[in-house]
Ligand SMILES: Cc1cc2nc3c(=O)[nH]c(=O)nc-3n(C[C@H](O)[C@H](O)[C@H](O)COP(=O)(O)OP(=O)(O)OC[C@H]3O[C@@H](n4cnc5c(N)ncnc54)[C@H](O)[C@@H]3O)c2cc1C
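Have a look below at one chain only, the form predicted on its own, in structure tokens format.
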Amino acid sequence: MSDYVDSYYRDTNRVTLAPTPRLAGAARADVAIVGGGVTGVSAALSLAERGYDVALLEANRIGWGASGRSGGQILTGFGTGMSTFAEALGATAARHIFAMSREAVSHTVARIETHAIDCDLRPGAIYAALKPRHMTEFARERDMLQRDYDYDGLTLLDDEALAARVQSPRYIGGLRDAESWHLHPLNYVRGLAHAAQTVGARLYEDSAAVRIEPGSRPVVHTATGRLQADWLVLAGNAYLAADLVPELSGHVMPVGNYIIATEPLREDQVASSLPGDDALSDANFVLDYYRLSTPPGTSPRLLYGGQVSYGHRPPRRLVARMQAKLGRLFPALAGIGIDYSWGGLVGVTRNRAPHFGRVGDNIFYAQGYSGHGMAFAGLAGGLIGDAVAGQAERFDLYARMAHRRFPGGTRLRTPLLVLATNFYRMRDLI
């Protein structure tokens, strides 16, 4: 069985699950779920709470993929602007969609409280400006969300107000979102999985789906077993095998993203970097993001992410490059020791909006959160639960969103995305 990626999160996992054996032989369930991240375990919890017999298949271990490796930010909004939804679906639908993004955050917090999930939940997120045009864009975003979406959670921070929370010479101001949070993602997703087990969901690890037979009762085949169900939920996102469901091929681009964790910080180093204990991300297209991680009784570390790759290998000199960038952001941390580095795949859609839908009448999928999945994937699991139970209106609102495949086919898709990203990297420098 594959172990967790060598991350700080793995070494601070505090959630123990009931046995999660490999699927062996033939099994039956009302609902089969492929993927043990936030989408999958949230769907398992929602459906098992409704009384469905649920079986979930995870190729590695629960939380092994992006859900257990992420920056841990629980944010309102999406990886794209609200204009993407308004132009595609209309202003009224866009208002409902934004309201659900706020619901996704409150839903996350409520589940953590209800199930007493020990995941270091803390409030506050800031988007940081590196140049004047970013501040202009922040002010425009705040005003638009107030006017069109009745959202008053954003506060514009000038350089002095930002410095009280973030001690970096690189930033000239920021936008703080009071409704957003951050947490330990692996403990969170495993906490959801534990909650699902307590209401009867069966979880199978080391059980990769190798073939799917659609039909009135879909069958998922693994190397050692087969699982038949009335409904099937595909929740593998960037880790879903490209040839498993041809209808989904090309809609999500797996993008590598990487994080480092510093050695424990002294109090003066915290005061000289992130005294406000917010989650941060900057305003660049290829952005940096970071936060403090402070399990009870330990000194905080700074978890810093920002490098990307479009192949299966990390960038060259990854740790040294990220350590140098961290030192430029926070001179007080220049040369600090790096105790962990890890990466994972983020599922990105062409328009950066989540991709929901059905294959036939009884196969549901939710994927392509484009870097904003920690909150919304939890709500997606609940929306799938509603849809299976016959209340599909809110799921179908997202499913109405048209999604195009990435151009270029399997051979040229990645090079074309690299070219597009390099264009935005150049724009970040202007």
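As the structure is a prediction and not an experimental result, all values here were calculated from the model. In case it trips you up, residue 1 is the first one in the sequence shown, and so on.
The same protein also exists as the form predicted together with the ligand; that form is not shown, yet it is the one meant from here on.
Considering the ligand in the model of the complex, the lone stretch of 36-44, 382-390, 396-404, 22-30 in range is 36-44 [heavy atom distance within 4.5 Å].
In the model of the complex, none of the heavy atoms of Tyr52 sits within 4.5 Å of a heavy atom of the ligand. The ligand is not shown here, and in the model of the complex it never comes within 4.5 Å of any heavy atom of Val319. With a 4.5 Å cutoff on heavy atoms, Trp231 does not count as touching the ligand in the model of the complex; it lies far away. At the 4.5 Å threshold, heavy atoms of Gln167 stay clear of the ligand in the model of the complex, well away from it. The putative spot formed by Leu57, Ala209 and Asn237 is fully lined by the ligand in the model of the complex; each residue has a non-hydrogen atom within 4.5 angstroms of it. Taking the ligand as it sits in the model of the complex, the stretch 67-88 comes within 4.5 angstroms of it through a non-hydrogen atom at Ser67, Arg69, Ser70, Gly71, Gly72, Gln73.
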